[in-house]
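Just one chain follows, in the form predicted on its own, and it is written as structure tokens.
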């Protein structure tokens, strides 16, 4: 996928284009959440967004391209702290993720994307790439903690990242009870041990 057809062009500076893209991306999120990837069409997104199909096709090549842009937008929503201890940064990242998974409109389309990734190779490629990029942020934080001596030298950063994030995604996808942001501290202590 290469993103919007005219990404980087002069049109990107036009506030009307920026606003149009935002409206279309938000409509895509709502459509995904309501009908799923398979049933979503450019026509249905256009109708929900209140624009013509041509407006969408001028900016995206098709449905998969549009959904990839939604994932890129979502990726930008979670900020990683650059200050504090590794433990504090990990906790902050997981708190942001817990908030996103419980309150974000965008998280409503997650079940549809997980399902689509297993039935559509095109979606699977960018969905799995997106998930790996997000996971790598946490892996890198944990690796930094091992390198600095803040975390145990034998800690497996990749496995620990999955153990830390796993409960949040489990609650979002498998239950009707989102993981409470207030419980993230307890989760971090349970996995990484008490702060020293």
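Numbering follows the first chain given and starts at 1. Keep in mind that this is a model prediction, so the values were computed, not measured.
Below, we turn to the form predicted in complex with a further copy of the same chain, even though it does not appear here.
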**OP:** Flag residue 18 as yes or no: does it have a non-hydrogen atom within 4.5 angstroms of any non-hydrogen atom of a further copy of the same chain in the predicted complex?
**Re:** no
Original post:
Do residue 85 and a further copy of the same chain come within 4.5 Å of each other in the predicted complex, heavy atoms counted?
Top reply: no
Original post:
Would residue 145 count as a contact of a further copy of the same chain in the predicted complex, using a 4.5 angstroms cut-off between non-hydrogen atoms?
Top reply: no
**OP:** Answer for residue 135 alone: is it within 4.5 Å of a further copy of the same chain in the predicted complex, judged on heavy atom distances?
**Re:** yes
Original post:
in the predicted complex, does each residue in the set 33, 36 and 174 place a non-hydrogen atom within 4.5 angstroms of a further copy of the same chain?
Top reply: yes
Subject >> Partner contacts for 140-173, taking a further copy of the same chain in the predicted complex and a 4.5 Å heavy atom cut-off >> reply: 156, 159, 162, 163, 166, 167, 169, 170, 171, 172, 173
